[in-house]
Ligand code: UTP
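Okay, here we've got a single chain as structure tokens, the form predicted alone, with questions on binding and movement later.
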């Protein structure tokens, strides 16, 4: 069969005539690249996701209930000792690995480059986000006499820049053989009429498919197989932008082991009922995180007998899994959410259009949507001042200024203790 004719028939059936017109204008090399890309795209899936953008999300309140948790600060001494011992045994025996999601750019911070290469102005000389995470792992390695395998997930957009940066800085002294870099998967961008956008390189414009793609990307890249070969039993997954992230928290790990669960997570209490964070709950008997925009106001404000928010446990991207849980999540299709964003594109005249308003949908799956595949989750409540200092916005909340203050205060407290 004629590859080009197959592609044209496919594009016609999905109303993508602008891509057919583009194919006719390209030289042989560019045409071949585009045809290869078209072959790999699931147009049925993309059109279904586009159709879903017109539907309203409905949450039936009666199916949601609050979720139990343990407060790290209130654990009995023997309970904490037991958890810590269980967690330490796993890390010391080399059965623990860490994944850092670092596919984002630092655009919102006004930083030109991968987010992990952003330098936070701490203690006068500053530290890169990757360097801060490396310090955290190095501390655990010294404490538990091991070298924790570190997997870093980039995006196609920032992979080369990330590799170059880490090579240039010699992985900040972390053993290079213990670091594995892999890229996350992507999905096409679609305009308001369901047409796929064209990028400057005359291909269909794609963007990373959200942090929920971590599971399938671990499998597709061979990293999951690599973990199994190394005898890894537990995997921590966190983001690159929380400068207080504890990637080897033995209390969290030991609690998960003790409770016999496949997934665990650390939370912090919402600052107020309307803080823009996802919160833990149980839906239809399974663990779930509901995004702030999807939680009805009445529920957001509900309190329990102690006057605490019923839905107050924030998801802070501090998640722990058995290797079997990662494998299971890597094979299950996740729900996709759509984000309406501004994306430049090439029009049919070959001219680049840079929109001033949102013009297209980006489809993302969220890492916590996989929680629903499991019957239970163990949640450990941490403290905001010890566990959560994200660098997301240029100014205001969750900015370099707030992260710097939290980071320095935390380490000043730690140094006083020692």
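Positions refer to the first chain, counted from 1. Remember, it's a predicted structure, so these values are computed and weren't measured experimentally. Think of the rigid core as the biggest set of C-alphas that the two forms share within 1.5 Å after superposition.
Below, we refer to the form predicted together with uridine 5'-triphosphate (UTP), which is not included among the displayed structures.
Contact annotation for residue 287: none of its heavy atoms lies within 4.5 Å of uridine 5'-triphosphate (UTP) in the predicted complex. Among heavy atoms of residue 265, none comes within 4.5 Å of uridine 5'-triphosphate (UTP) in the predicted complex.
At the 4.5 Å threshold, heavy atoms of residue 208 reach uridine 5'-triphosphate (UTP) in the predicted complex. Taking the partner from elsewhere, residue 184 is found to have a heavy atom lying within 4.5 Å of uridine 5'-triphosphate (UTP) in the predicted complex. The single contact residue among 99, 218, 196, 240, judged by any heavy atom lying within 4.5 Å of uridine 5'-triphosphate (UTP) in the predicted complex, is 240. Contact annotation: of the candidates 111, 341, 259, 274, the single residue with a non-hydrogen atom within 4.5 angstroms of uridine 5'-triphosphate (UTP) in the predicted complex is 341.
Per the 4.5 Å heavy atom criterion, uridine 5'-triphosphate (UTP) in the predicted complex is contacted by stretch 358 to 366, the sole one of 38 to 46, 358 to 366, 345 to 353, 376 to 384. Using a 4.5 Å cut-off on any heavy atom, none of the residues of 19 to 40 reaches uridine 5'-triphosphate (UTP) in the predicted complex.
Comparing the forms between this form and the one not shown on their rigid core, the Cα displacement of residue 341 reaches 2 Å or more. Shown in the overlay between this form and the one not shown, fitted on the rigid core, is a CA shift at residue 189 of 2 Å or greater.
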